[in-house]
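First, one chain by itself: the form predicted alone, in structure tokens.
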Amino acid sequence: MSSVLVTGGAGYIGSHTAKALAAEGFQPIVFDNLFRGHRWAVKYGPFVEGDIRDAEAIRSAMREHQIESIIHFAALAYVGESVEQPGLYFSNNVEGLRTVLQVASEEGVDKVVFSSSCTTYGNPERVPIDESFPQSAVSPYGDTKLIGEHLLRWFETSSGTRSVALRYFNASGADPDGELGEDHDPETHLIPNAILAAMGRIPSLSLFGTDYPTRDGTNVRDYVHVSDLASAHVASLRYLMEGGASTAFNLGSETGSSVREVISMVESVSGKAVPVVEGPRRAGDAIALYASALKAKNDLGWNPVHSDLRTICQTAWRWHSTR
């Protein structure tokens, strides 16, 4: 059984990927400091509590569990917070990844799947976005992901580490089996906040901007189901194990949904109204962002089966209903 170090595996996407790895015959070893991850989400293999900036903790985990490859999720991921605390983000996201790659190179672990982001594209001039688009991040968070991709390239040059960078769009939904879901504090994502507002757990959903040049005046995003993201990480790992060259893939549903469409879908699957408070646009919010995922479909055989908006909202509603 091949052992995979899943850094940040107690988080939202990491925990779903650990489940997918176990289902595919891998042994996920979750490495997480639990700063924003959850111990209850570690269900599918051994857990090592530690910080990715601690080289000896990483080394110990690699040796003890005979790690053969890495899927690296561990990162802070709030754009607004990154603007307020850039030092924190560069320390954790960049120095943390550098430490993991350095130890991996010293220990002979030469396959890495990296959780990157569509934020590396900044504000593209057109959609859909494919992998050839220029990368120009507009936040410290996006910059840390872009620098991460650069680190991967240079570690391949120095030590032969092959990698796949997965640039995904808006991760959403919850495990269809109900075992895992999205549990952030604070919660900043649209779908869970719409659900929490419908449930009465928060007073209302804030809608930022109703005058965009879109079909209903609200901005448009690409929502991709977290279980589909998990399957792409497993497919990327197999790609590397089969000798695939380092590359990057976009992961998205290839469909843009507006904020109002998301609200309407949450109301449809729940049978409850979502109280909304409308406000002005937020600075920096793009009009529309959605992916071309053709490369992942062709090269990885990736087939997102849960990423229609109804399934995303249904699985998320069921998860939050159990909390």
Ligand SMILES: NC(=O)c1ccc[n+]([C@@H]2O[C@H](COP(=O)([O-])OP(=O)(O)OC[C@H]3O[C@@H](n4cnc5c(N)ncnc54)[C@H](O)[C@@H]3O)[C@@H](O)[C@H]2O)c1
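These numbers come from a predicted model, not from an experiment. So that there is no doubt, residue numbering starts at 1 and follows the sequence shown.
This next part talks about the form predicted in complex with the ligand, which is not shown.
Heavy atoms within 4.5 Å of the ligand in the predicted complex are found in exactly one of 258 to 266, 271 to 279, 293 to 301, 51 to 59, that being 51 to 59. Under a 4.5 angstroms non-hydrogen atom cutoff, the ligand in the predicted complex lacks residue 102 among its neighbouring residues.
A residue is said to contact a partner when one of its heavy atoms sits within 4.5 Å of a partner heavy atom; residue 116 meets this definition for the ligand in the predicted complex.
In the predicted complex, the ligand stays beyond 4.5 Å of every heavy atom belonging to residue 238.
With a 4.5 Å cutoff on heavy atoms, residue 37 counts as touching the ligand in the predicted complex. Judged against the ligand in the predicted complex with a 4.5 angstroms heavy atom cut-off, the residues 98, 148 and 165 are out of contact without exception.
The contact residue chosen from 77, 195, 152, 230 relative to the ligand in the predicted complex is 77, the criterion being a non-hydrogen atom within 4.5 angstroms. Checked against the ligand in the predicted complex, the residues 92, 135, 210, 139 give one hit for a heavy atom within 4.5 Å, which is 92. Heavy atoms closer than or equal to 4.5 Å to the ligand in the predicted complex belong, across 165 to 191, to the residues 168, 169, 170, 171, 184, 189, ordered by sequence position.
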